[in-house]
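Here we start with a single chain on its own, the form predicted on its own, put down as structure tokens.
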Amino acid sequence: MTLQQQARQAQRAAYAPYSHFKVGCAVETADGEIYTGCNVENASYGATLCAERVAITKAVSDGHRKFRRIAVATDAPNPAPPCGQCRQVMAEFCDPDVEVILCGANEIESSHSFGELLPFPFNQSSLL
């Protein structure tokens, strides 16, 4: 199963009763393990978890700190990029060359480097 297919499978588990915008994500760690996540909405909107942060957090909680590829799946007509909060979390664990595959409706895909999605990240070097 491709990374994109795993993101689509994760999307089916999304809990999105408010926005009805279901998102799935699959992340491939530097050593080739795959973790998936889906968005989990909450009536208190600020408590909502994005699929990207769920997948990354699952991987990090198992000890992974670097990623090779990330796939994000939605049913939007055009592939939807990760939100700003997700990009910030990705900046903590992704090098600029990490591939981010965006999957929209009707199998429309686009591929970007993480550096293209967030060219000036706030990261550890910003603190020094």
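Since this is a predicted model, take the numbers as computed values, not measurements. In case it trips you up, residue 1 is the first one in the sequence shown, and so on.
As for the form predicted together with a small molecule, it is not shown, yet the points below apply to it.
Site annotation in the model of the complex: the residue of A30, A76, V89, C83 reaching within 4.5 Å of the small molecule with a heavy atom is C83. Interface residue remark: A51 is counted as part of the site for the small molecule in the model of the complex, having a heavy atom within 4.5 Å. The small molecule is not shown here, and in the model of the complex it never comes within 4.5 Å of any heavy atom of N106. None of the heavy atoms of A10 is located within 4.5 Å of the small molecule in the model of the complex. When the small molecule is considered in the model of the complex, T36 lies well away from it, no heavy atom lying within 4.5 Å.
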